[in-house]
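Shown below, as structure tokens, is a lone chain in the form predicted alone; questions about how it binds or moves come after it.
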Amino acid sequence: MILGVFDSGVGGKAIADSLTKDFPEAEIKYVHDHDHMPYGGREESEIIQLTEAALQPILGACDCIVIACNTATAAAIEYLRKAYPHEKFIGLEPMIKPAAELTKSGVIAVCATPYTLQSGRYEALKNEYANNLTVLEPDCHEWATMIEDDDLDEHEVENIIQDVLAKGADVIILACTHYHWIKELILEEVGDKAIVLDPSDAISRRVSELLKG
């Protein structure tokens, strides 16, 4: 079995590592586009172009391909499914449904890139699952670049997390795979005040479901 993983930068490595652990017999082909990240502030047409170009080395070579980037999923996955109908793509999207099921305060926070927050798919998820909730969308636009460049401002992250906690959030969604690398910092800041949802925790189950289908 060959599994492909794509992300704009280092975020997808967490997904690749998770798949390696859960599918030890599989070969993992991981590609990224560090030269053009972050994707979050780009136009949709540019994100589609960059994603398609970066995927070329693994198209036709994998049993399925994980688009391990919320931004690229929101912008490009429907185009990719139409352009490459014989490929099996799995995308990542903000975990609004599980957050809605878990919250007790009725307040959730979505940490995501600007493009993801502006996307039609994200709006549809909110309308379907969070219509009666307060959804906080803190400004995290610098996080991916800081993580990619290994130049993290921990105080900025801590201040944002403390702000959403102060506003009543009891579920925090990490809606960018880069943010996996600061999950421990966020968990330390959150303590027992909120649940932190990370998409890498569920991706192996989705791969199994797709391949069985």
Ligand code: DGL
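None of the values given here were measured: they were computed from a predicted structure. So that there is no doubt, residue numbering starts at 1 and follows the sequence shown.
The form predicted in complex with the ligand is left out here; the points below concern that form.
- Segments offered: 181-189, 54-62, 157-165, 39-47. Contacting the ligand in the model of the complex at heavy atom distances within 4.5 Å is 39-47.
- Although the partner is absent here, Val171 is not a contact residue: none of its heavy atoms lies within 4.5 angstroms of the ligand in the model of the complex.
- The closest non-hydrogen atom of Ala144 lies within 4.5 Å of the ligand in the model of the complex.
- Taking non-hydrogen atoms only, Val66 never approaches the ligand to within 4.5 angstroms in the model of the complex.
- Contacts between 1-28 and the ligand, taken as any heavy atom within 4.5 Å in the model of the complex, involve Asp7, Ser8.
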